[in-house]
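Before any questions on binding or motion, here is one chain by itself as structure tokens, the form predicted on its own.
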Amino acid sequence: MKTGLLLIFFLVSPAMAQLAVKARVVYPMTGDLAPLSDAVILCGPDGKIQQIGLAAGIPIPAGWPVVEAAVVVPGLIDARSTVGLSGVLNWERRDQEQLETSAPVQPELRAVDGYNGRDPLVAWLRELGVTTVHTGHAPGALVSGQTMVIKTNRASVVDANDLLAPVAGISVTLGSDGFAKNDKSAPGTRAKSVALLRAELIKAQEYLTKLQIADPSKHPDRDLHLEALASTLRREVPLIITADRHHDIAAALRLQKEFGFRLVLDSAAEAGLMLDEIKASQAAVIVHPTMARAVGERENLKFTTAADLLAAGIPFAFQSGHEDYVPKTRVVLFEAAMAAAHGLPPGQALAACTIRAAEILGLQQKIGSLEPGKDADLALYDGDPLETTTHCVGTIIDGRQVSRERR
């Protein structure tokens, strides 16, 4: 995929109401994922893409500022992160909000209540072409809390309009990473973990049943804990279950069959042993980060997991992930590059951190590809995005240039 292309980059004020982007190569990430050569993208004053196509067929309106780059792709989407909750200081009680260990099951914890959009790590991702993050409570407790989806230019969250998804899922951990730490009520074995989770889901079923009683006076008192779990039983949001061992993946699939919730498997280091079962469940997979250490639950992770999932017809996306040591934030494009080096076609690698990630998050109508009417989120590069020597030279979110740094 080497392009050997030169970069011409004209700085544009973020206050500009419209913007034209020209590139030698554009990856719209639509249809067969084929790129366009010598293309133009017109970003309108509403922050949406107005037109995209060959430069010969799209005249740039007079007076529009122009940005030119070698390669343009849709703004990158990190399909699972803790950025904004796990901060740059790595200092407990100061900026480590991603995991609450006082109880084993806390689905009511909202990601937005701990999110800091001004943390330097958020800006760092933005400058490297990441425009959207699915972030929130980390794996590490049986039920650690909720996740959300937000763009990396949102410094503060005042209301739901600042979010792409106020609740994107509820984070669950099956396996030893979710065993007891500080709380003696937490599970210490796999059987106990599944029993506790099953019991909580049954309580949520009963809560929903009581809410359906015709007489409002007989409805139960509001319960944020059960309300959150009930949203998964209504299939409004998925359970995002971190499971690396094959028997933990099997437990997640059994629970899905029993309760009917939407399932997204997170990490899934041993997914290669369960491809037929995962395919039959219609679950999606957010692939384990390749930079994760191959020890403990992930000792059998493979760099070819993404290629295996593609061959099996299982939807997947890439994540930067989370581990309890520094650095807590990585760049998802690295995962695409590593997968492309280990059997995944390059176009599919880019798709897994753009349109495929958007599809798994249910946001494909707004982000993930470059099409008229979608949000004008773009990442600009001075060469092949999957090459280690390439730099991100600009980031555009909602049609506004939010970074001009060469990273």
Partner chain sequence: MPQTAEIRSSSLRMVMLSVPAGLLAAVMVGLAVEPAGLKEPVGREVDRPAVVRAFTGATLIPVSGPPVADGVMVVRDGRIESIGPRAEVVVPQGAEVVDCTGKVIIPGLICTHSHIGAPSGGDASAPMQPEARVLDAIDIRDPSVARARAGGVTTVNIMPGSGHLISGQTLYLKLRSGRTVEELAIRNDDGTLAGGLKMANGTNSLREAPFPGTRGKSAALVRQEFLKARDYQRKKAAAAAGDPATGPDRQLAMETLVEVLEGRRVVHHHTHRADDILTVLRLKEEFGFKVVLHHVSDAWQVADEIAAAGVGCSIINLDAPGGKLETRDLDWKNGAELERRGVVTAVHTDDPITDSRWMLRSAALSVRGGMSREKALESVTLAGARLLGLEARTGSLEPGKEADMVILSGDPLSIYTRVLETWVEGRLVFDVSRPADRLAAEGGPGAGQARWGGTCCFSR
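Numbering follows the first chain given and starts at 1. Values in this document were obtained by computation on a predicted structure and should not be read as measured data.
There is another form of the same protein, the form predicted in complex with its partner chain; it is not shown, and what comes next is about it.
Residues within 4.5 angstroms of its partner chain in the predicted bound form, judged by any non-hydrogen atom, belong to 285-293 and to none of the other stretches in 154-162, 235-243, 285-293, 218-226. Taken together, the three residues 341, 350 and 388 all lie with some non-hydrogen atom within 4.5 angstroms of its partner chain in the predicted bound form. Proximity of residue 89 to its partner chain in the predicted bound form falls within the 4.5 Å heavy atom cutoff.
At the 4.5 Å threshold, heavy atoms of residue 184 reach its partner chain in the predicted bound form. Residue contact check for residue 204: none of its heavy atoms lie within 4.5 Å of its partner chain in the predicted bound form. Its partner chain in the predicted bound form is not approached by residue 101, whose heavy atoms all lie more than 4.5 angstroms from it. Only one of 131, 329, 135, 319 comes within 4.5 Å of its partner chain in the predicted bound form through a heavy atom, and that residue is 329. Residue-level contacts in the predicted bound form: of 180, 196, 123, 211, one residue has a heavy atom within 4.5 Å of its partner chain, and it is 180. Along 232-255, not one residue places a heavy atom within 4.5 Å of its partner chain in the predicted bound form.
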